[in-house]
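Quick setup: one chain, the form predicted on its own, written in structure tokens, and binding and motion questions come after.
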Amino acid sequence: MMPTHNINLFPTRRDENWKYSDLRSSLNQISKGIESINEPFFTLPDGLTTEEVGCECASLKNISSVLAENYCHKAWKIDVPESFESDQPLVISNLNCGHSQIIININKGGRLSLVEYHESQSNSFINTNIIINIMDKGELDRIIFHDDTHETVRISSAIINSESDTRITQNAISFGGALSRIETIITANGENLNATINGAYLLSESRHCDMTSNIDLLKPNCYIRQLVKGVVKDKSNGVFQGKFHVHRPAQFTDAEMRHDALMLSDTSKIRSKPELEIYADDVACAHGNTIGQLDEDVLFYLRQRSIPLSEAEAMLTEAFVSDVFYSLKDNHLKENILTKIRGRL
């Protein structure tokens, strides 16, 4: 029997991790999805199958996993065999309202390309909780497309646990919704994690996007690079929260985090909170954060060459955002992302 709706499960601005994204208030106008199950659609590469299992209690709980455990009585599990490789990506589409949990186990030496489409055409709430376990020498290449209506409230959360000698590459693009949160939680349980966690948000009207990440480093010799860029205009709201937590055993960590954003209107808002919590002695860790506007001198230069103002702004904005996706190996997917960006400029 499904549990009844418990409004206390949904955080407010009083919760530190949600102080810039008031999830509970945003649900006041939502008519669907708060208590239902969302059955995602999978396109599987050859050699992989899905299995319906009971909902897994994540060892590291967040709001997304708590909601999934409370409202969804099943999960979809995918086991990636040892030394698996495929030119085909695993594609997950989350178009329906409600809660879902997906469990992906990448066994030793397995390589998985994962593409997620988070798109909705209705006034609804969607919570997708993905748990990814990467065994020794496993690799994950993850791409996230997020483009909801301005009425949709969405949480897309990934809890990634990695063992030794693993590689993670993530690229996310979001155009926001009534409220949206793209959350990535990585725990390095083994040494020699190599991770690139990049993202971009482009927001207009009154859309909201919160890109939050927490990278927990428990073992030595990890290499992390994170770059997030944002563009906001009209009355939109952009949020970036990033944290590197370097535990004492995680010596020789090399980690850098950057968030850069453009504000194209006086009524838009950006809130950012980069954090470093370091207990190891021999590390190289840094973070940077900038918020500004388009360069007036460059705009003037382009206008002097008969380029209309709107076109000049679009050119500079595309150039600002596009270098986030340098790590994408698939040129076709990279061009798809840039095409989506151009369509919003």
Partner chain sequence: MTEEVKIKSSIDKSTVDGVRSLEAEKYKYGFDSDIEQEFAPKGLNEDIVRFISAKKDEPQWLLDWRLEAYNRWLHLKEPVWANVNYPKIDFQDAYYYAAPKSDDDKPKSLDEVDPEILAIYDKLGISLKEQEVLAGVKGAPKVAVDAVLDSVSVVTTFKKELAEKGIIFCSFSEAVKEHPELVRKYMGSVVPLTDNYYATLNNAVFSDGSFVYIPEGVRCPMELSTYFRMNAQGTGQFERTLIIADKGSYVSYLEGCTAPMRDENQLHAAIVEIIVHDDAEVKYSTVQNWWPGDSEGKGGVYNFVTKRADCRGKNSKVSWTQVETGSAVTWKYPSCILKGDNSQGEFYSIAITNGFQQADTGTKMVHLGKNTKSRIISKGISAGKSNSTYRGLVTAHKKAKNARNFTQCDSLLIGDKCGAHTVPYIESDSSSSQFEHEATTSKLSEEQLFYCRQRGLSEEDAVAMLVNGFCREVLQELPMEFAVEAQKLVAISLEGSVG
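Residue numbers count along the first chain shown, from 1. Note that the structure is a prediction, hence the values are computed from the model and not measured.
Note that the form predicted together with the partner chain isn't included here; everything after this is about it.
Note on contacts: among Met211, Ile270, Ile173, Ala75, the single residue with a heavy atom within 4.5 Å of the partner chain in the model of the complex is Ile270.
Interface residue among Gln29, Thr43, Thr290, Thr49 relative to the partner chain in the model of the complex, by the heavy atom within 4.5 Å criterion: Thr290. You can rule out all but one of 154-162, 262-270, 89-97, 140-148: in the model of the complex, only 262-270 has residues with a heavy atom within 4.5 Å of the partner chain. For the chain shown alone, Asn189 is not a contact residue for the partner chain in the model of the complex, no non-hydrogen atom being within 4.5 angstroms.
Though the partner is left out of this view, Tyr301 does not reach within 4.5 Å of the partner chain in the model of the complex, counting heavy atoms only. Contact between Met315 and the partner chain in the model of the complex is not found at the 4.5 Å heavy atom cutoff. Although the partner is absent here, Asp297 lies well away from the partner chain in the model of the complex, with no heavy atom inside 4.5 Å. Taking the partner chain as it sits in the model of the complex, the stretch 269-304 comes within 4.5 angstroms of it through a non-hydrogen atom at Lys269, Ile270, Arg271, Ser272, Lys273, Pro274, Glu275, Leu276, Glu277, Ile278, Tyr279, Ala280, Asp281, Asp282, Val283, Ala284, Cys285, Ala286, His287, Gly288, Asn289, Thr290, Ile291, Gly292, Gln293.
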